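Shown here is one chain on its own, the form predicted on its own, set out as structure tokens.
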């Protein structure tokens, strides 16, 4: 009897493991192996056209080169500027829109779908359209600004000063629909009784939003803050399509720097070292967010 139960237990475990086996194989092939291989490459000087025989061990020289490279320093500064510009605006606008769409307004479903459409649009196509809209000479945005009396409108993606904010604007527009949907889910979990009690006490709509909505939706805000910061550091397709890091180094980001170094100039060892340095920077920022959430997130 004991032997039969043991065999049944082993059979059930085998069936369970067979279900997760494809995921384990996929993780090993496409996540774990490339991760470990990039760590190996980061201490090598590797010519990819000569195979593994074309590699030379250089120790920490690639990491030293990363911190001495002005292009990398410009990229990491651009990433930080991009995060500061884009993430707070994305969260504030998304929360305000979600609070508005959580009300009983005419055409609410259609408006929700309209805001979500950019998120599911192909990023390359959307970036090309956005670049055309903000073209410094022929774009309709500058045409409109000239019509209202602004004789010298910004150069947008052709300007060193405006290129990064323009990409940030596109990134906010592209990701706003996703954040609105997540905020709506958070808002619908707040009991209406809080608002009814606040109304009886004489609180107006702003006071209800400030003292009920914002604190009670803070776990959702924290989740979106963490994921949006990570996403802002991963910005690549927008840069590649709209500016390719220019003008100058005004829009180069770390991921674009890695792509440019690894797949255009084939310096794989240095690119792998940049990837690992970047990984630890993102881990540190996420860790700081995790420590800071104890002061403002209400569970």
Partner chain sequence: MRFTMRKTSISIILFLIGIAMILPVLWMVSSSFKYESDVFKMPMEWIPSYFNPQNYITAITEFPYAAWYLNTAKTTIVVVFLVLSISAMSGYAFAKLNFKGKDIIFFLFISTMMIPIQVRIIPQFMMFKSFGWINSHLTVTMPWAYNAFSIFLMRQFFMSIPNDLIEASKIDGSNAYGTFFKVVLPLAKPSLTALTVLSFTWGWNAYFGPLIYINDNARQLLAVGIATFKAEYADNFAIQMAGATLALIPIIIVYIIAQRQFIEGIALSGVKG
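As the structure is a computational prediction, the values presented were derived from the model and not from experiment. What we label the rigid core is the largest C-alpha set whose atoms superpose within 1.5 Å from one form to the other. Residue numbers count along the first chain shown, from 1.
What comes next is about the form predicted together with the partner chain, which is not displayed.
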item	value
Contact check for 77, 80 and 199 against the partner chain in the model of the complex, heavy atom at 4.5 Å	no
Segment that reaches the partner chain in the model of the complex - one of 191-199, 159-167, 100-108, 68-76, heavy atoms within 4.5 Å	100-108
Proximity of residue 34 to the partner chain in the model of the complex, heavy atoms at 4.5 Å	yes
4.5 Å heavy atom contact, residue 211 to the partner chain in the model of the complex	no
Residue 92 within 4.5 Å of the partner chain in the model of the complex, heavy atoms	no
Exercise: residue 26 in contact with the partner chain in the model of the complex, heavy atom 4.5 Å	yes
Position in contact with the partner chain when the complex is considered in the model of the complex, options 123, 203, 85, 216, heavy atoms within 4.5 Å	123
Contacts with the partner chain in the model of the complex - residues in 260-278 whose heavy atoms fall within 4.5 Å	262, 263, 268, 271, 272, 275, 276, 278
Residue 287 C-alpha relocation of at least 2 Å between the shown form and the other one, rigid core basis	no
